[in-house]
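Next up: just one chain, as structure tokens, the form predicted on its own.
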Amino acid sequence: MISKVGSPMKTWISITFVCVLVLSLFSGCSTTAKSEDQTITMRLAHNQSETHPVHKSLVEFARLVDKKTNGTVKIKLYPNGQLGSEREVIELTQTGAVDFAKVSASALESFSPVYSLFSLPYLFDSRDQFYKVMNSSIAQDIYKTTTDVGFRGLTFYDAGTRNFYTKNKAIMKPEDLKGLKIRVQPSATSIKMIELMGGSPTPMSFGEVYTALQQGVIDGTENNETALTDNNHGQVAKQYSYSEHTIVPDILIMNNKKWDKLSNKQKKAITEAAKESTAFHKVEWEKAIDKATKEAKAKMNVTFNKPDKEPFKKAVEPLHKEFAKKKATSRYYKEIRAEATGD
């Protein structure tokens, strides 16, 4: 399952980090402890900036863990993709070189096919229904599907609705994507979605998007509003169109062996802290979206468009039929749709 996918620089960073960890272990600085009397320092990696709401929520998670464990478990954050791409930090979490990672559900697709559901366009009918599903037993079951490959899900963080934005063309209907190179997450489902809508999908690491837009390697991408401001995409992409095609959560994952070495009290503390940090994030996220939208309009001259979503939904109907039939996703697809619609 462990892959060597990633840029040479990011791979070098990841390899270097693993080497540092190995040296620290031999020097007696362990990241785990058998007794609650010992202090455990755990590492959490993610790819967002320190001003992003998800980073603030992870800071809150670390604070809560420290408080609830009476200081016996401390978490050090590594933001800004310091330890590699999402794929790389997932692999580091598999091996235990990293204890926690916050990654997009799309990045987990190749580790558990169930996660491909979150890349399915128009899986959820609204954000309220999204929260209903993510706070249900369905999500808890999905989190467990990666335990046999070395890690488990703990909680989710709202990453907003994903919408199309391009350098200079409003996407008001699927046909507007024809001939455009659109960056997508490295997800087979996302690639198929763009193809069905008529565009040319270009899988790419998030950290490469700004330069790719700037240099014309891609014509556009799809993400939430914070990418315009926190990642400066609004400096080069001036048309943002609310297709609202997917609601892809971020997932907090943890290495299984590290989890198993914790005491029951520590496990309970981490579980509670994760859930509370998700509630904290919901408030932070809403504030961040409002701020990002206003800033993108006023300071970056980004135009926000509201296309009719029905043609986009119709274009991706084949994907829904596929997910309803596939053995790996059929059960969860039907459960999520039933939960979302109240059937």
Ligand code: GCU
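Keep in mind the model is a prediction, meaning the values are calculated, not measured. We number the residues from 1 along the sequence you see.
Omitted from view is the form predicted in complex with alpha-D-glucopyranuronic acid (GCU), to which the following refers.
Participant: Would residue 86 count as touching alpha-D-glucopyranuronic acid (GCU) in the model of the complex under a 4.5 Å heavy atom rule?
Facilitator: Close contact exists here: in the model of the complex, residue 86 approaches alpha-D-glucopyranuronic acid (GCU) to within 4.5 Å, heavy atoms only.
Participant: Taking alpha-D-glucopyranuronic acid (GCU) as it sits in the model of the complex, is residue 91 near enough to touch it, meaning that at least one heavy atom pair lies within 4.5 angstroms?
Facilitator: Close contact is absent here: in the model of the complex, residue 91 is far from alpha-D-glucopyranuronic acid (GCU), nothing within 4.5 Å, heavy atoms only.
Participant: Closest heavy atom of residue 278 to alpha-D-glucopyranuronic acid (GCU) in the model of the complex, within 4.5 Å or not?
Facilitator: The answer is no: residue 278 has no heavy atom within 4.5 Å of alpha-D-glucopyranuronic acid (GCU).
Participant: Is there a heavy atom of residue 162 lying 4.5 Å or less from a heavy atom of alpha-D-glucopyranuronic acid (GCU) in the model of the complex?
Facilitator: Heavy-atom contact with alpha-D-glucopyranuronic acid (GCU) at 4.5 Å: present for residue 162.
Participant: Which listed residue (229, 255, 104, 241) meets the criterion of a heavy atom within 4.5 Å of alpha-D-glucopyranuronic acid (GCU) in the model of the complex?
Facilitator: Selected residue: 104.
Participant: Considering non-hydrogen atoms and a 4.5 Å limit, which listed residue (185, 119, 166, 155) is close to alpha-D-glucopyranuronic acid (GCU) in the model of the complex?
Facilitator: In short, 185.
Participant: Please determine, with the chain shown alone, which of 292 to 300, 311 to 319, 44 to 52, 63 to 71 has non-hydrogen atoms within 4.5 Å of alpha-D-glucopyranuronic acid (GCU) in the model of the complex.
Facilitator: That would be 44 to 52.
Participant: Select from 206 to 237 the residues with a non-hydrogen atom within 4.5 Å of alpha-D-glucopyranuronic acid (GCU) in the model of the complex and write them out in sequence order.
Facilitator: Going through 206 to 237 in order - heavy atoms within 4.5 Å of alpha-D-glucopyranuronic acid (GCU) in the model of the complex - the hits are 206, 223, 224.
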